[in-house]
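Form predicted alone, single chain, as structure tokens, below.
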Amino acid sequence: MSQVEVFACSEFSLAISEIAPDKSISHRSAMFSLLACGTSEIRNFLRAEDTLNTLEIVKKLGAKVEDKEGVIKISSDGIQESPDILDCGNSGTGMRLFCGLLSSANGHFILTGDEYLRRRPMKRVTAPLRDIGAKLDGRNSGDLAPLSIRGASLKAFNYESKIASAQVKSAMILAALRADGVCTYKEPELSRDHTERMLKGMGADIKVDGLLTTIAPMKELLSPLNIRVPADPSSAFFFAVAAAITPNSSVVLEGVTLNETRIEAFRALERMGANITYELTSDKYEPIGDITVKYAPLKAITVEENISWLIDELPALSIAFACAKGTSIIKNAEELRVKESDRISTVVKGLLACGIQVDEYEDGYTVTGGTLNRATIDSHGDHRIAMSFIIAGLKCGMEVTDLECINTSFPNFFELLQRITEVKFN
């Protein structure tokens, strides 16, 4: 499946209960089970390439994994050295978090990934880890995979990050759990907080005070997880945009995490004028509920705060910008350049191909709303670019190439899309 043709759609109204399970929480559920005493039980685990690669790595690190009737049970006697190379596929989350987790483990480990992941920068994680004693190296002085990790004794740290990154923060928190003293991590703005929430729920001594996180080393193994992974708001957001740009349309997105660090893109869409409501249904490890999105005429906005909360959704949000009245502005989003693709460049090129006026800057871009035109878009192996421009095709028709990447996060995306419009694969 290398290319898809998507056709413009008419109004629709539907409820979706099959949004892909949350990718970030699925990764962490599998990894954190290696820190537990007893058997962790994970329901609704995302069965996509990235997260299945993480689950396979957990097996190679010595865990016993049982997968029956939709429940994954993971038990471990501690991290074991693997004779195999650990392949993270396309997942930057997987690679960066494993760096933190394995830096203090007994053994030697090699992390690699696909051609796209091997081009992504890792020094933002490897450099601070090496500063506290990690024996970690790779190509380009430790900036590029494959990465070599030899477990070592780690020093306590007081680290102040220059960027708001949940991946960097999570890697350092995981390292801190086996450091030789209490550690602190400070970030410039609050990034996604799944790691802190989940580890605290397992019994880790972690305290969060605004932008400062304090982590005490583990005295013993943590309590096992018993979690149902909620639907991924980053995946749900594609269908939120679909409803927001299609007159007289609405969608109910069921069972989504309502964590404030994960629904900022929905808040941005609200500011643009979309009619959005939230209903909380449960709250254990994460607040979970339903999000209803109804069409309304959209207006331009500026997005320059809490960028780390919506970094994954910015490509899809940019499609909404293209359909809004006025010029929308993205600022402080340099992080987009080091995702699965340079997303500033790929969004700008894609929108220009669709006839939309766009201006590119080092840390963002502007989008002047207009009429989307049919085009052929190369995803550059980036699942969020691919799905964003497929959603744009609901307005004008679209051809998008290089589609295998969609399986990394949202395997049933096309199944759900076909409830809205015609799709033809080439």
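Everything numeric in this text was worked out from a predicted model, so none of it was measured. One-based numbering along the sequence shown.
The same protein also has a form predicted together with a small molecule, omitted here; what follows describes it.
Participant: Using heavy atoms only and a 4.5 Å cut-off, determine which of R124, R228, K200, K349 is in contact with the small molecule in the model of the complex.
Facilitator: None of the others qualify; the residue that does is R124.
Participant: Which residue among Q167, S328, S76, N259 has a heavy atom within 4.5 angstroms of the small molecule in the model of the complex?
Facilitator: Contact check passes for Q167.
Participant: Give a yes/no on whether R337 approaches the small molecule to within 4.5 Å in the model of the complex, heavy atoms considered.
Facilitator: No - in the model of the complex, heavy atoms of R337 and the small molecule never come within 4.5 Å of each other.
Participant: My question is simply whether S24 lines the interface with the small molecule in the model of the complex - judged by any non-hydrogen atom within 4.5 Å.
Facilitator: It does: once the small molecule is placed as it appears in the model of the complex, S24 has a heavy atom within 4.5 Å of it.
Participant: Looking at the partner-bound form in the model of the complex, is I311 within 4.5 Å of the small molecule by any heavy atom?
Facilitator: It does: once the small molecule is placed as it appears in the model of the complex, I311 has a heavy atom within 4.5 Å of it.
Participant: So in the model of the complex, is the small molecule close enough to T93 to count as touching (4.5 Å, heavy atoms)?
Facilitator: Although the small molecule is absent here, T93 would touch it in the model of the complex, with heavy atoms inside 4.5 Å.
Participant: Tell me the stretch among 218-226, 105-113, 311-319, 244-252 that has any heavy atom within 4.5 angstroms of the small molecule in the model of the complex.
Facilitator: Stretch 311-319 is the one.
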